[in-house]
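What follows is a single chain, given as structure tokens, in the form predicted on its own.
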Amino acid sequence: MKKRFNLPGLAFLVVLALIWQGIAILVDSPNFPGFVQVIVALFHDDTTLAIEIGYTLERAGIGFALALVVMLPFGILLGRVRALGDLVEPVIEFVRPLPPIAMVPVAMIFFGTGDAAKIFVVAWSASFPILINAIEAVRGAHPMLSTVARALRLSRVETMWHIDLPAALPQIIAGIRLAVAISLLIAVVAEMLLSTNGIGMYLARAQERFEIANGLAGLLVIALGALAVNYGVLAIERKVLRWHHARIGMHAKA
């Protein structure tokens, strides 16, 4: 499952940067900085940007961790205990379409404007991809697994831990990857609305001062941070689901 280095993709990014710089030279406007100007702004504010993205990643990480710890076992429980799932499902479908940003006023009422409010909004937004994928993965498991659990006289908790979780893990991981991306996105937006620091506030201040190059440098830092987080999640996925990828590879060769 080793991935080769994507040289064509990297070359394409270089071409896009050159085109961007060329258009900026032709336009020759302070409102349209080129790629070089953005890189200069990035290195000029490198310390500030590193500190601000650190705040953002910390809030996104805590919010995501809270969502994972609460919603993963809850989703497995709702998937395994069908009566409980049917009871709670209308509530989930009622609150799930609410935009995460719409929860900002609620977070302010209960948690103020500090870190707790931003972490709450992140946890709220990350909860539903994990919860829904866990429920559907457990419900979609092969019926033979339940028969095996009964034959082994496993308790409900043992069944969820030893059978439901491993069987549902591939789909759960897909929900987790989605939740990670959403956590970073919502953390940035929440900081723009509630915070005094973080990369979201850096972007808001750059916008207020019409520092377009600095704002684009902040966006570049977010993109690089998201890329690093994504590669980290993929590395964990390859280790956790090594057996799953090996089985898919065997089926593909068959």
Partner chain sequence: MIWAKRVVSILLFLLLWELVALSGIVPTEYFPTVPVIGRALAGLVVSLEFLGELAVTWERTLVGLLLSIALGLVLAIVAARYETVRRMLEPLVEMLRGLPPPALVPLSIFAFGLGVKLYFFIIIFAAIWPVYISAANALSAPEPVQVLTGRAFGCSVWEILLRLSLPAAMPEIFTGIRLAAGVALLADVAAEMLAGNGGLGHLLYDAAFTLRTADMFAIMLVVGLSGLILNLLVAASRRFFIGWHVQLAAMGEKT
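Just so we're clear, the structure is a prediction, and the values are computed from it rather than from any experiment. Residue numbers count along the first chain shown, from 1. Think of the rigid core as the biggest set of C-alphas that the two forms share within 1.5 Å after superposition.
There is also a form predicted together with its partner chain; it is not shown, and the following applies to it.
Interface membership of residue 34, defined by any non-hydrogen atom within 4.5 Å of its partner chain in the predicted bound form, is ruled out. Although the partner is absent from this view, residue 227 contacts its partner chain in the predicted bound form, with a non-hydrogen atom inside 4.5 angstroms. Shown alone here, residue 16 lies within 4.5 Å of its partner chain in the predicted bound form, counting heavy atoms only. Its partner chain in the predicted bound form comes within 4.5 Å of no heavy atom belonging to residue 151. Look at 100 to 108, 158 to 166, 140 to 148, 73 to 81: in the predicted bound form, residues with non-hydrogen atoms within 4.5 angstroms of its partner chain sit in 100 to 108. Contact with its partner chain in the predicted bound form, judged by any heavy atom within 4.5 Å, is made by just one of 68, 185, 39, 57: 185. Proximity of 43, 232 and 236 to its partner chain in the predicted bound form is absent: no residue of the three has a non-hydrogen atom within 4.5 angstroms.
Contact annotation for 210 to 226: residues with any non-hydrogen atom within 4.5 angstroms of its partner chain in the predicted bound form are 210, 212, 215, 216, 219, 220, 222, 223, 226, listed in sequence order. Relative to the superposed core, residue 31 undergoes a Cα shift of 2 Å or more between this form and the one not shown. Fitting the two forms on the rigid core leaves the C-alpha of residue 236 displaced by under 2 angstroms between this form and the one not shown.
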